[in-house]
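Next up, structure tokens for two forms of one chain, structure 1 and then structure 2.
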Structure 1
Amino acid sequence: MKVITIVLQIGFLYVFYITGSLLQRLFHLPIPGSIIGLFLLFIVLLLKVFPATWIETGSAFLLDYLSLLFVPATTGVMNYFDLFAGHTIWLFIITMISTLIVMIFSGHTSRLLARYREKRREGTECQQSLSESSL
């Protein structure tokens, strides 16, 4: 039963990918269709059109095998080895700087989301205590 759930949830995620790709081709957008689909999924989850539990197991499965999904991209880079040859130090510097930027951005984002969650939790606790005291 769990396998069927995972397949259905990955299929549901795939619908967003296809939708994003179609929108990208239809409107000739410079953003990849996969990113548009991801943004659409984010909006749908943000507006609570459907609960996150509908994709939770499937997305966790994909995240477990995420490193395996990078193998084709890594082997594709080997086709352009001559383009990268001789630029080792610059590639190293760019990789370190971009990794640092991603780490800083991710840290600030998670801190912001944790504060938002805490304020939201405090607000619901305050409302509960007010409703209990009025009884």
Structure 2
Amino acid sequence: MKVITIVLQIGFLYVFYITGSLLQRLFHLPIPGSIIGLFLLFIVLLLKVFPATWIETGSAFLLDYLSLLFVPATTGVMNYFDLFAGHTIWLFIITMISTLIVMIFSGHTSRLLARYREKRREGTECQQSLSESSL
């Protein structure tokens, strides 16, 4: 029974993916169909067109195996082994360094912004309690 639910729900998710891909081709959007499909599903869920349970089991299943789904695509690297030789190897080292820089910068930026907002919120609460106590 669970297998049928999973298959049906993946089919349903597929509809969103195909719709997203169609929209992408129709309007020549620079964003891939899967991401447009993600947006569409998110909006439909927000509008409560159908309950989230309609896609819950299928989504959980696919996300459980998300890493597996990358394997065929990443295996394509075997066609490009020659690029790892010679001077080009530096570009891969640069990619690694740059990736870690991005992690540190984006992580810390959001951390600092979240902390700043919390402080400001505490600040206004303090002022409120001060003005209340002065009354």
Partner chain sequence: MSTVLIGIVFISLTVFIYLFMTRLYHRFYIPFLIPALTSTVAVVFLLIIMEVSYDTYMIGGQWIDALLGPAIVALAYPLYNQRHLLLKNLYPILGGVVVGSLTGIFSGLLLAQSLGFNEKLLFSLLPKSVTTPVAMQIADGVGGLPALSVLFVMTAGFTGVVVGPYILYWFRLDSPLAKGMAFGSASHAIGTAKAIEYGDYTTSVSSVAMTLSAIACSVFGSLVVLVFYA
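Each residue is numbered by where it sits in the sequence of structure 1, with counting from 1. We call the rigid core whatever largest set of C-alpha positions still superposes within 1.5 Å between the two forms. Computed from a predicted model, the values in this text were never measured in an experiment.
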Quick one, which of these two is the form predicted on its own? 1
Given a superposition on the rigid core, I'd like a yes or no on whether Leu68 shifts its C-alpha by 2 Å or more between structures 1 and 2. no
Shift in angstrom of the Phe105 C-alpha between structures 1 and 2, rigid core held fixed, comes out at 11.0
